[in-house]
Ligand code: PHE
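Given as structure tokens, the chain that follows is alone and in the form predicted on its own.
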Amino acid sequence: MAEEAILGFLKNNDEIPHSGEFADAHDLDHEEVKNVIKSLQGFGYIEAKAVRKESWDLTDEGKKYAAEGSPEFHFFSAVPEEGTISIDDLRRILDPSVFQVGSTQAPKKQWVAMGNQVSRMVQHVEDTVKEMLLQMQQGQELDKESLKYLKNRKLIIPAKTWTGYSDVKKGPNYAPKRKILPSDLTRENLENWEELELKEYNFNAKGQPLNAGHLHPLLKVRKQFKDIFCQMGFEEMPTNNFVESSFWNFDALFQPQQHPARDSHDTFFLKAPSTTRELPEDYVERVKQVHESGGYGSRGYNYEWKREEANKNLLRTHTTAVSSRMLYALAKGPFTPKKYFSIDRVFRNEAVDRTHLAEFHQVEGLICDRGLTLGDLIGVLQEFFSRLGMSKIRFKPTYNPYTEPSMEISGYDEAKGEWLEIGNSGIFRPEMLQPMGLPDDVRVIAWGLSLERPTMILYKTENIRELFGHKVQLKKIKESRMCRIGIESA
């Protein structure tokens, strides 16, 4: 019906100016008309221009401004033409909401000079905000800059989007009636093959999408990180225990029991089981001694170390707790140089916002060998991050309880043109390593970063809750591209 109407209309007319008006005039469904136009355009019967129009509604605040005028205009009008008025007097005579918005917008538009005393910078102004809002109420169209301005001030909201076609004209293959071409070879067609005209084969057409599982972006980036570690000869540490004792999570790392990170405001402690069942007693005694009175060239922290604090169970705050266990196990036998890495979940009692969650993934790497120096750490970090596609990195001194020296790692974001903090690094302190039983000349260099931050950058995600948690959209997971980070340089 719609196809006959469109082709028949163009037989006697030059064009269809507007698909919506055409549908109304011929009592047709506009959606059907759009689909027919799209189909006919694809086969060259017609030519048409796609049209997209957005309509807007005024918010309650926008309706108020359209009726009464904008706050900045009222603020300007309250300032005398000559002389000044105190800011306190303006606050008293104006409605609080008018004063709050007007005192910001009027100076921004250079209508008034602000201070303890307010004076006019111009004598007459036009309330353009009210004029634009009235034009929208009357159905008039505004330019893009005006719409953007009103939208940013939350005076308008999208109502609906209209799509259709304009300037619908005859195409190169126009005919009053569509010619149905066979798309399959049949016996009857082959009997008249000399007169046969087959439908053209579209080599660019996409097949039906396959139903299949999809990897989460975090898993894609995690796999790429893991491949890079393996290429550099690292061995993965077992990180399957989310619950850890305070001893392995804090004390073994030479982190004092009064450290703020051990407070319940920063750490999730378990109610049941609240304490660990067993710890290596000889090692615990050495850790206690180095905390209380020092050793290995250190003065310690000079406080009374409490076993009950070390026994408390918690959700691990970093995977370095796993590193401490691995190094302690390494110290039990003849020393062998090792390269370890881990990528797993950690938990911190933090306020949830667009860049922070109470649980996230930590990427950690460490190298244990004799005579390692800060130069070795910098060289390994440059190699590691270059494989991640980050050739510009820099370091600055920082503080960590269990590393000395310690360095903050920053990488240059070419897209944003700025330096971003991407991780921390350092050399494990002797007070941490030597109570384990490692030789005096053994050094451990280590670094860590989150998995979420590079994933957010790679997949252009502004809010971490759209990447991890209940707000994740399955459609976005299905459409996320492959992670190719570091492939070219690996």
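In this text, all values refer to a predicted model and were calculated from it rather than measured experimentally. For every residue, the number given is its place in the sequence shown, counted from 1.
Another form, the form predicted in complex with the ligand, is not on view; read the next lines as being about it.
Contact with the ligand in the predicted complex, defined as any heavy atom within 4.5 Å, is confined among 292-300, 384-392, 173-181, 316-324 to 316-324. Shown without its partner, this chain lists 434, 41, 424, 461 as candidates; in the predicted complex, only 424 has a non-hydrogen atom within 4.5 angstroms of the ligand.
This chain is displayed alone, yet in the predicted complex one of 276, 400, 257, 410 has a heavy atom within 4.5 Å of the ligand; that residue is 400. Using a 4.5 angstroms threshold between heavy atoms, residue 447 counts as touching the ligand in the predicted complex. Residue contact check for residue 348: one or more of its heavy atoms lie within 4.5 Å of the ligand in the predicted complex. The ligand in the predicted complex comes within 4.5 Å of a heavy atom belonging to residue 428. When contacts are judged by a 4.5 Å heavy atom cut-off, residue 244 does not count as touching the ligand in the predicted complex. Although the ligand is not shown here, in the predicted complex the stretch 361-378 places heavy atoms of 362, 364 within 4.5 Å of it, in sequence order.
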